[in-house]
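Below you will find one chain, with nothing else, as structure tokens; this is the form predicted on its own, and questions on how it binds or moves follow later.
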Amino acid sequence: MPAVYHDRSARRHLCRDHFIAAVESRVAETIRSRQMIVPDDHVGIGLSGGKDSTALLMLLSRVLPSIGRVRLTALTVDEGIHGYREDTIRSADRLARDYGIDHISVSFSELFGKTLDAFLVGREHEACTICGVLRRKALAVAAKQAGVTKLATGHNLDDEAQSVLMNVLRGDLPRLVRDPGSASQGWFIPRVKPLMYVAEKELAVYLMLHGAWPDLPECPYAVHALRGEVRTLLATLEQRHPGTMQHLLASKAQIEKRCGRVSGAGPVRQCTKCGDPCSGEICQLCLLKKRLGM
């Protein structure tokens, strides 16, 4: 069979079947080696409808039967982004139906009284910060409704490498070595990232080979994020020096080994405002609500 993918890091060309098998094997090994998902887990999949979450649902549906009996439920958050979210939500609905997976949706309007668009009027440069806090809460609500034991997100190798570099640029060592998955102590639903060693371009090729590429727009607020600049920088370095992103993750692992992984930002306590678990006196959501006048 003709080659469809050139793995520049490993200096090899892969045909369709070998490429698909290689990606699925890597995801299965990531799950097993880190015990992300175990038999009898009920896994909530953060399904935005975009390419990464679409690939996550497809891959978990294919690799989890080899791990054991695992139930899947798709969880979608409608932030309320006009001209963007409508298409992605339709894509998520269709995908969940095609795979016969239960699908739960929650919205910012229902939970917080406004859409993200409404919250960001005059605050567009804060889009990712505000959305991140509200989205984490919305996903937690959806996960609790579904009764899941794990929450899987579609973060890929590019995302992880970008986060490492961003934390280095900010001088934020505690966040660099923080381990939110093991910090739950019964307070939080553990989050897992089965795609953390699969590059974004590999996921794109995987979807194309399955005829499942979602031709959808990018979030209009992404242009305001530091991550966008870091993404461009890393993409350039990866093109010139294959393996750069893998080396960043390897460096993080070495730092964790020497410093020890930090379980969250501190001891878990209850927010004095809402009662939700947090690391400080007041949770990030309540602080944000106060700032936004919610």
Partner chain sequence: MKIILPDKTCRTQTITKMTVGELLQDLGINPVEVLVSLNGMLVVEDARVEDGDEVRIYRITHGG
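Worth saying up front: this structure is predicted, and the values here are computed from it rather than measured. Positions refer to the first chain, counted from 1.
The discussion below concerns the form predicted together with its partner chain, not included here.
- Contact annotation for M196: none of its heavy atoms lies within 4.5 Å of its partner chain in the model of the complex.
- Contact annotation: E86 falls outside 4.5 Å of its partner chain in the model of the complex, judged by heavy atom distances.
- Heavy atoms of K51 reach within 4.5 Å of its partner chain in the model of the complex, making it an interface residue.
- Contact between K290 and its partner chain in the model of the complex is not found at the 4.5 Å heavy atom cutoff.
- Interface residue among A146, V192, L165, V205, judged by heavy atoms within 4.5 Å of its partner chain in the model of the complex: V205.
- Shown here without its partner, the chain carries W213, A235 and Q239, all of which come within 4.5 Å of its partner chain in the model of the complex through at least one heavy atom.
- Only one segment in the set 25-33, 65-73, 225-233, 251-259 has residues whose heavy atoms sit within 4.5 Å of its partner chain in the model of the complex; it is 225-233.
- Taking its partner chain as positioned in the model of the complex, none of the residues of 105-139 brings a heavy atom within 4.5 Å of it.
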